[in-house]
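Taking the form predicted on its own, here's one chain by itself in structure tokens.
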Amino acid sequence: MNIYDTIIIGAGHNGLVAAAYLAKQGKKVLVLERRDIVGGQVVTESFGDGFTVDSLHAGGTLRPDIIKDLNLASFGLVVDSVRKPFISLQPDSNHLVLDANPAKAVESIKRFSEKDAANWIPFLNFMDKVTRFIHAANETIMPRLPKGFNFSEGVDLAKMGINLRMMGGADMMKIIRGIPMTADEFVDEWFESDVVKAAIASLGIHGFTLGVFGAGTGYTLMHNWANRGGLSNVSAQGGVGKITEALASAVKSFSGEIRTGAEVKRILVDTFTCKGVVLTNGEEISAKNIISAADPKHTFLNLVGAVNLPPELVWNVQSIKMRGSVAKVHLLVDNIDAVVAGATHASPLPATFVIAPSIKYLEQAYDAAKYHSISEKPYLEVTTSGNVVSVHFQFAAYKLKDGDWKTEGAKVEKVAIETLAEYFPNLKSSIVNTKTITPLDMEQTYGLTEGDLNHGQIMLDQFMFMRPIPGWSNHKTPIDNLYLCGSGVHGGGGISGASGWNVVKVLK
């Protein structure tokens, strides 16, 4: 029987990052993926002739240090150097165009507020410092507060604090104050125009079941800005699937093994020690260490089983807030240029469009999630690739009060198309194919419990040293030799690879 040094459950980007680093160190590594393709939620898939889409994420890329360490450029990963303009569509067609060129963005902002235009470049400079802080925080192993704290973790925290202090006293305080703020409060300190504020505040709720008046959305705004590299995503050429394809190639080049169509049914545990895994076909595979890239709820409650865990931990895991409320609607059109032709003041494609006309609009869109329904006036983020229009739809609650997702997917698709048609009048007549991915699809197809893209909401009580749960924030678990590396641990959320990179440091 093959005995591996490490088995990694899940071939998402974090699992593959961990696998590549460990295989590069000479470890015998096996990655087990239940789907027939690698990538997890970072995949590019075909849903018909000419209908290839980035299924769940319209863009994103790994941390530059990970790309460099693993030499991913040699495996075909090319990060697009062209930044997309971020366009907030307005009902009166006076659209706000936040171009990647600051001078062009300032000219567009002037139409709404001279004061805001003057603040734009200082704001960008501040967000550059925020980005450095977020990346420094995400590469820091969080200590097991309030217990299990050790000296090495204290040193790492001290380094993070020094990085924060070196940004200057005023900016340091702005960052610290921004963490518990609402997104509305965060942008209100910089801007006066509701249009400008809403466009930026939309990042604070993107992918989260929170409203712009929710405490802590100041932090999620900073988190998303850092991961995306700004308002619009920095993307891989050829789609986000190129990220995980390159990672898989790197794993194999370092003699790591990847098996697709291999679903893990159970993690073998004997007296609080992990021994291996059992696949759904009954096969048992042994390993010295198991790393789960699946979400903490699924890992602990389904794969390990409550009977093998301390009762207090089971209660804490059951209390993790998932609450997915994102759907995706992909539209194949016959002529993308004709579709966007009606958007006055909009820059040429590619671009990122948002339906976020006001702070009030964003908060009211969130009301649907609070009441377990589908927003009639949703917050949308829209991107294009070739003749494909991809719509990120918020809010559509995973747990619906009325109806179920077997039938309500059609409603999401209809609302998305009707909402966009108000801004792009040629859209409806141009559609030749559609694909809607509901929160239930995200759970059943992509393995995201409750359709939560982040493996657990990033909230004030579920971030940093409280992620995934208090007392277990350093990738370790009560089960010896079992570790976590998915988006549900610190460093996760969005596409960066930080949590996959961090778990390798813990294993050293």
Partner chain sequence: MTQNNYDAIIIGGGHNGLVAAAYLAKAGRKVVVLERRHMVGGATITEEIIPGFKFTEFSYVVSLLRPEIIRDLKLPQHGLKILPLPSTFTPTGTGDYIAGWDDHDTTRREIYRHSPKDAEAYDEYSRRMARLAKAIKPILSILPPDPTSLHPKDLMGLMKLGQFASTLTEKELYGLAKIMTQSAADMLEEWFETPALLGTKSASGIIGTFLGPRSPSTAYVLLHHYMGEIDGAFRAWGFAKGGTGGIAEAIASSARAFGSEIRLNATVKQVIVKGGRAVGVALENGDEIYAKAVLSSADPFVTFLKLVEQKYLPEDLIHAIKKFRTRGSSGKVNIALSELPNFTALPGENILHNGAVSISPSIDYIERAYDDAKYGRFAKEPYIDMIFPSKIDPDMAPPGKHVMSCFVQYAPYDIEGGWDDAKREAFGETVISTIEKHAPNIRRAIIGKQVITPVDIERIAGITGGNIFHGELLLHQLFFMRPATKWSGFRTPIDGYYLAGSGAHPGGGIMGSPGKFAAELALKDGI
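Numbering follows the first chain given and starts at 1. It should be emphasised that the depicted structure is a prediction, and the values quoted were computed from it without experimental measurement.
The same protein also has a form predicted together with the partner chain, omitted here; what follows describes it.
Trainee: Please tell me which of K104, K110, K360, K414 lies within 4.5 Å of the partner chain in the predicted bound form, judged by heavy atoms.
Mentor: So the residue touching the partner chain in the predicted bound form, by this definition, is K360.
Trainee: To verify the annotation, which of these, R259, K370, K406, K159, has a non-hydrogen atom within 4.5 Å of the partner chain in the predicted bound form?
Mentor: Selected residue: K370.
Trainee: When the partner chain is placed as it is in the predicted bound form, which of 261-269, 232-240, 128-136, 311-319 ends up with heavy atoms within 4.5 Å of it?
Mentor: The contacting stretch here is 311-319.
Trainee: Can you work out whether V432 and the partner chain are in contact in the predicted bound form, taking contact to mean some heavy atom pair no more than 4.5 Å apart?
Mentor: V432: no contact with the partner chain in the predicted bound form.
Trainee: I'd like to know whether E114 contacts the partner chain in the predicted bound form, with contact meaning heavy atoms within 4.5 angstroms.
Mentor: Contact check for E114: no, nothing within 4.5 Å of the partner chain in the predicted bound form.
Trainee: Considering non-hydrogen atoms and a 4.5 Å limit, does the partner chain approach P180 in the predicted bound form?
Mentor: Residue-level check for P180: yes, a contact with the partner chain.
Trainee: Residue-level contact is defined here as any heavy atom of the residue lying within 4.5 Å of the partner chain in the predicted bound form; does E185 satisfy this criterion?
Mentor: Yes - in the predicted bound form, heavy atoms of E185 and the partner chain come within 4.5 Å of each other.
Trainee: Spell it out for me: taking the partner chain in the predicted bound form, does every residue among R144, M459 and P470 have a heavy atom no farther than 4.5 Å from it?
Mentor: Result yes, every residue of the spot touches the partner chain.
Trainee: Since the partner is left out here, which residues of 246-267 would have a heavy atom within 4.5 Å of the partner chain in the predicted bound form?
Mentor: Residues within 4.5 Å: none.
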